[in-house]
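We begin with a single chain expressed as structure tokens, specifically the form predicted alone.
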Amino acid sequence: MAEIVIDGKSYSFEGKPKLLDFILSKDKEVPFFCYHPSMSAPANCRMCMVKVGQYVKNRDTGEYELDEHGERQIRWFPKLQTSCNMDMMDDMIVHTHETDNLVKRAHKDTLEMILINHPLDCPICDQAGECPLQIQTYKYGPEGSRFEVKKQHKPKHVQLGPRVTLDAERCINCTRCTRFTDEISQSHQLTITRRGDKNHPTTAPGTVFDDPYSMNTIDLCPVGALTSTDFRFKARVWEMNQTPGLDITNGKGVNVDLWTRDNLVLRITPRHNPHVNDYWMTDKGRDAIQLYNENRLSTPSLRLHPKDKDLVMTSWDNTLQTIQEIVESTDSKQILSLGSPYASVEENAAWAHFSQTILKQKPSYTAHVEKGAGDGFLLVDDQAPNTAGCDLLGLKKRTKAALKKAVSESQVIFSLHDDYIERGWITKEDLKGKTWIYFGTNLTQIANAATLTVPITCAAEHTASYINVDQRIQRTYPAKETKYTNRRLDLEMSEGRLDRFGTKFDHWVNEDNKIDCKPLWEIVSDLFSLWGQTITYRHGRDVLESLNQTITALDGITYQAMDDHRGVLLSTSEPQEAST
């Protein structure tokens, strides 16, 4: 097996890995800007330079040549080398900035060159606090600048597309953004224009940067040159909480981070998962901010009379009693129970338990598949995050015609999440004379037409699991508080500086941002108690543990296992045929 010596320590390796990759894998640090593990390495920032040499061997005998001290003789490369594009070789010797002053000086000089025309506007830059250039300048850069001449000015506040704004003066020409559009999204919409200290990324004349993955270039940018048009100047990174989550806008199950402040999700960024999405996510997935923050159902609401235009807020106790009265006064054959591929595994399971036990029927669901919506990358035809979960739980799949027929034949309909009116599967006319009880997160068209709306927690407010189109089960964490939860008491919730020291009297804390909603499994537990049954679902974990006993594919599946393996690939049975 080949060996390499890095800063005096020997390591074994196989193949020809890139030197920077290998060094980073050993928890050692080498600064860089242009390098990214999922793209080509152009070595144009020159920041990752190291000193490289090789042990000298006698060509005739194959023995190592020794110096006057009896040590192996090293033949050093004549210049420092960029580690990002260097293949490792047997008997290679590497010195990083930790052991070599020349390398340390190279980092310092490189940063000084990069900063010649940089505007140094950190106090007003969105990237401040998470900027590699800012961080590395403090760690490896010069104490001050020797350049006291006028800096080169470039275009500012340029709308490259509907989502991305360019400030060219901050650009250090790492070419990460252009390589992304060439190698990953393959839209080829960005290029570098002009020469020397005047060059910067841009689009071709008449071209709009509307790549469906365009905002990944913002995440890639090691400075504040590319920023989010919607997020600009809204919050500092140190003011927000960072919480792991999942993209709920389609069935791929892209791993994301939710960034919250004052109980609002302000931005969504991709979270690395080599099994699902690598380092990327879709622009559409970032629009889930609207689902988490806007038009939320808060406090149960009831339509007192079928002719009433508006719903009237009611109490949780009255909501539960109303549901009980409706169920007990209706023949079970006149009740339709609908699950949802937009709801989590735990929500559908808890609802199925209640439906089969109290409503005396198995819930069904409708898939939301748009043929041609997928692109073979991260966009898929399935628009819901948990269709595979519904199949695994044994929920009956209904076609559009079957749903319309079932609604027409039912007097009372219970449904989760899905907006059948917006999808065009039913109309408001189909709801006339029906009692529609809707458990959901947002004020959708179906919620506006319902008889009773019951607000439940969204994917940013509870711990629950979802099964993606590849049969991988993954879970969410609570990122937002509700009226009934508290960051300081829930150990799964992250707590930022503003949360830790803020009170309800501070101007940065708005109690209105806390939604009056409950997890569906808690509501189901409370409903069971009305029928004299003791079913305790107080956490998604309780529901998952019960599923471990009844579904073979979920045997041994825990939230800890999902965390440890970045999701668990299930071996599931064949999904049921669509009901006609």
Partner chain sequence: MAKKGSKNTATNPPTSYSFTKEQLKEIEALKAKYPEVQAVTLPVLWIAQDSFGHVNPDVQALVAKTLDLPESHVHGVAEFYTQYFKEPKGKHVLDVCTCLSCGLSGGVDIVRHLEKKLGINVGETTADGQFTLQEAECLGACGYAPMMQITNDVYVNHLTPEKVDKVLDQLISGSTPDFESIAMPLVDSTHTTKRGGSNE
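The structure displayed is predicted, hence computed values, not measured ones. Numbering follows the first chain given and starts at 1.
Heads up, the form predicted together with the partner chain isn't pictured, but that's what we're talking about next.
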(request) Tell me, yes or no, whether Tyr213 is in contact with the partner chain in the model of the complex, where a contact means a heavy atom of each within 4.5 Å. (result) yes
(message) Is it the case that Arg194, even though its partner is missing from this view, gets within 4.5 Å of the partner chain in the model of the complex, heavy atoms only?
(response) yes
(message) Residue-level contact is defined here as any heavy atom of the residue lying within 4.5 Å of the partner chain in the model of the complex; does Ala204 satisfy this criterion?
(response) yes
(message) Taking any heavy atom pair closer than or equal to 4.5 Å as contact, tell me whether Leu190 reaches the partner chain in the model of the complex.
(response) yes
(message) Please identify, from 313-321, 196-204, 216-224, 485-493, the stretch that has a heavy atom within 4.5 Å of the partner chain in the model of the complex.
(response) 196-204
(request) Sort through Pro274, Gly372, Gly433, Pro123 and report the residue having a heavy atom within 4.5 Å of the partner chain in the model of the complex. (result) Gly372
(message) So the partner chain isn't shown here. In the model of the complex, which residue out of Leu264, Ile184, Met92, Ala106 has a non-hydrogen atom within 4.5 Å of it?
(response) Ile184
